[in-house]
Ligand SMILES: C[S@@+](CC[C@H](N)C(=O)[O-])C[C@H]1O[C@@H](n2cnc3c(N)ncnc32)[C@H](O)[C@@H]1O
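The chain that follows stands alone, in the form predicted alone, written as C-alpha cells.
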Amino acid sequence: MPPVADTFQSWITSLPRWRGFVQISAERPYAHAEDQYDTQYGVSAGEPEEGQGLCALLASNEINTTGPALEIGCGTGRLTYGLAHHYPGPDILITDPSSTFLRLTQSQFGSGDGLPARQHFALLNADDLTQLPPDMFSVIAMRSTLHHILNVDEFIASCARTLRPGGALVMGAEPNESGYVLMAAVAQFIPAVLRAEKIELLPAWEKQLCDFTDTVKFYCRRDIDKTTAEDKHLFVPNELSELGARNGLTLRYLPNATFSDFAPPHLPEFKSFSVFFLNYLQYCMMFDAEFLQLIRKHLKQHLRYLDDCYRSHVGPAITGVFLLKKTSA
C-alpha cells in the first residue's frame, strides 16, 4: 500500500484545474467584498500565531499529523499562513469556494519560503466533501467556517469519513448559542437604559439594534430555510459532541478560546463578556460610533455584573474551539 503522501499526490494531480486552481467544486463567491473582509473586522491576514497555535493544540492532544492537512474556508488566510509554517505533515490542501479568497491567501507566500509542507490551492465547497477520498487527511482545520455550512450533520459525517485514524477536525471561532442569545438579550435593554438617561434613540440606532437581535434570532432558529444566507447557525457543545460520537469522533470543547491562545506567549484573546460584546457590535454589526460610545458609557455597570460573575473562570461561553478527534484504529 503506497504511503499516504503518494496517494494524496496521485489524487490531487488527477483533478481538473480552473483559473490556476485545483477544482473540486464550482466557484461560489463570498456574499460580500472579499478584499474588504479584513478591513471590516479590523484584523490582519496571515497572522502566524493562529496556525502556530493550532499546531501546538494538535501536538498537546496527540493528534496524528503524519498525513496531509485540509483547510476548509481559508478566506484571507488568517489561519493558513501559520499553519503552512508549522504543520509537520507532508502536504496542505488550502480550499475555499471563492477564487478571490484563494488568490488573497496565495499572495502571502513567496516561492522561496522553504515551508515544511507542500501547498495546494483548490476550489471546494464544504457541501462537496463526499468527493474527497476516505482516510486521506490527518487534520481538517477551519476558522470561522462551520456556521456557514447548511447541513452540519452531513458535513461532520463527511469529515469523519475522510479523516485518518488518530486525526482531528478542529474548528475555531465558532459561535456558541447560549452566549449569542445572551448578547442579544442584553442588547434589548439598551433602549430602556438610554431613555432613563434622557437620551433619545435615533431611528438609525433603533434599526441597528433590531438588525442585531433579529440576526441572532435567525441564527438560533432551526425551523426556517437558511439556504441563501451566508451565516447560518449557532452551536450547542453537547449537540456537537453527540454528533461527533455518532461518527467516531470525540469532542474537546475549549470555550472562548482561539487558536492563537495556544501559541507563545499564550495570552488569551478573550478578555471578558463586555469586551467581546462591544467589539461584536462595532466590527460585526457596524454600529454607529456615537451610538456605541453611549452604550459603552451607560451600560458599563450592567456589563460589569456579567464580567464579575466570571472573574475566576472562563465564561460565559460565546465562542470557542471544537476539536473532534477520530478514534485510532
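The first residue of the shown sequence is 1; numbering continues from there. Source: prediction; values computed, not measured.
What comes next is about the form predicted in complex with this ligand, which is not displayed.
Student: Counting only heavy atoms and a 4.5 Å cutoff, which of 30-38, 59-67, 281-289, 296-304 contacts this ligand in the predicted complex?
Tutor: In the other structure, the partner sits against 30-38.
Student: Please tell me which of 257, 171, 139, 72 lies within 4.5 Å of this ligand in the predicted complex, judged by heavy atoms.
Tutor: After the contact test, the surviving option is 72.
Student: Among 208, 145, 158, 176, which has at least one heavy atom within 4.5 Å of this ligand in the predicted complex?
Tutor: Looking at 208, 145, 158, 176 one by one, just 145 meets the 4.5 Å heavy-atom criterion.
Student: Has each of 78, 97 and 125 got a heavy atom lying within 4.5 angstroms of this ligand in the predicted complex?
Tutor: Yes.
Student: Does residue 230 reach this ligand in the predicted complex if we count a contact as any heavy atom within 4.5 Å?
Tutor: It does: once this ligand is placed as it appears in the predicted complex, residue 230 has a heavy atom within 4.5 Å of it.
Student: Is there any non-hydrogen atom of residue 101 lying within 4.5 Å of this ligand in the predicted complex?
Tutor: Contact check for residue 101: yes, within 4.5 Å of this ligand in the predicted complex.
Student: Could you confirm whether residue 149 comes within 4.5 Å of this ligand in the predicted complex, counting heavy atoms only?
Tutor: It does: once this ligand is placed as it appears in the predicted complex, residue 149 has a heavy atom within 4.5 Å of it.
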